[in-house]
Every structure is written in C-alpha cells, then in structure tokens.
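Below, in structure tokens: the form predicted on its own, a single chain.
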C-alpha cells in the first residue's frame, strides 16, 4: 500500500522520471507555501525561466478565480504552478487553460481509469462535483503576453469528510475510486501530457486539443447562466473556440464569444439548436 511518506513530491524524484522535460529544469519545492501561483508570479517578474515549476505539499493561502479560497490540506493533493512564456498575443492566453485542463483529464484517466469532464473555463468535474481548479494569471506588454502563470489544485487523496460543508460541491480521486493514488505518478503524467500538448500549440498543430476540449466539455449544448465582469445573462453554449473563449447564443439568437466569467448550467437545456 502507498503511504504518505513514500509520496512526497520531491524535485529529485520528478526529475528522475522526466529528465528531459522543460518542466523539470527548474523546480521550486515547498513543504508549505502561501500560494504556488503567487510565488510563480513573483518569480516570473524577476525573469524566471519558461517551464519553471512551483510545487507545494500544502498551501495556506490557496486561491481560485475571483479571489476565492482553495482548500489545500497537507500531503494529500496536488498544488502546482507553471511559468509559460509563449509568443502569444493576449487573446490566446486562455488557450493554456485548455491545455492544462486536457492534461488533467487525460492523466486522471491514464492513472485511474476515471472519466472526468471540463467545466469552462477552468474546472475539472466528476458527476457534478469539482475535482480540480485552474487559475491563469498573466502580464502583457503591447498586447503580447510577457508571461503566463497557470496554477492547478487537484483533489487526489483528500478525505471529503474533512470538510463536510464541501461534500456536495467537491470530490477527490480517492473518494471516487476507493484507493490511494500516487501523487508522483499523477503529476509526472500531467507534466508529460502538458509538454506534449504545449509543443503542439506552439507549432499551431492544436486542432486535436481544440477538438478534445469540446468533446470533454460539460457545458456545450446546455442552457447556462453567465456572470461576467459587466453583465449577467442566459445563453446556450455552442462550443469553445481555438483561443479558449466560450461561444454562446443568447435568448435573442445573437452569437458572441466570452473569454472569462462564471457559468452555471441550467436545467432543462433549451430545445432546438
């Protein structure tokens, strides 16, 4: 049986498993940290290299989108952030959300056989409960991204009973499959897939990523309520475009795209197209 002491996310172990990866050249490991994203952002501002990986066993100030807290208990889940420096305009920043979400879903399936889905723009769900969250932050200069930070929190071996108020909202791998999952194996597979997909994105060979993201979406074809920065409206989701934007048709039949916002699925879905 796998024990906690055998599953520390030590840089040496990850580098031995992925010796040639861009994500294992610069690893910053912390038994405890405020936020991996906050550290990665500070590192990026000082010129931290692309692919730099910040890992923590525990976060004391873990955060999600819109300043929400991300519960981050010690030595049971994955908390990590990556620095990217792609030659992207800012309208492509959130395509990296697609990359990490797809890497998470595919790695989870590879390691556990569990089929999870993606909730736009930044969550991985199983049977209506959140299993992972993604936080993307960036800095741009003249409409070009200087750096992009993508942070991830994935519930792996966390006992949901630890937070009864979240039992109807969140889930974990151990709860769903009934056994402990190696966090090292899972992180290595995520990084392996992330690098593969990232290289496709850089070569503009990302049609596979775009297609898979749409196939795995849990909101396409659904009627949703969208809360964005300046409005709240109902719409039907048509798909996700190449840049990670949500393509919607509102109640008046007008199509548009949104790049960020909160989406709540409404039932039943709208009839017709």
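Bear in mind the structure is a predicted one, so any value in this text is a computation, not a measurement. Numbering follows the first chain given and starts at 1.
As for the form predicted in complex with ligand BTN, it is not shown, yet the points below apply to it.
Can you work out which of 201, 93, 102, 134 has a heavy atom no more than 4.5 Å from ligand BTN in the predicted complex? Only one listed residue qualifies here, and that residue is 134.
Would you please decide whether residue 80 lies within 4.5 angstroms of ligand BTN in the predicted complex, comparing each non-hydrogen atom pair? Contact with ligand BTN, yes.
Is residue 35 near ligand BTN? Define near as a heavy atom within 4.5 Å, in the predicted complex. Contact with ligand BTN, yes.
Is it the case that residue 130, even though its partner is missing from this view, gets within 4.5 Å of ligand BTN in the predicted complex, heavy atoms only? Residue 130: yes, in contact with ligand BTN in the predicted complex.
Would you check, heavy atoms only and a 4.5 Å threshold, whether residue 63 touches ligand BTN in the predicted complex? Because a heavy atom of residue 63 falls inside 4.5 Å of ligand BTN in the predicted complex, the answer is yes.
Name the stretch: of 168-176, 85-93, 110-118, 149-157, exactly one has residues whose heavy atoms fall within 4.5 Å of ligand BTN in the predicted complex. Checking each option against the 4.5 Å cut-off leaves 149-157.
Quick one: which residues from 100-129 get a non-hydrogen atom within 4.5 Å of ligand BTN in the predicted complex? Only a single residue, 123, comes within 4.5 Å of the partner.
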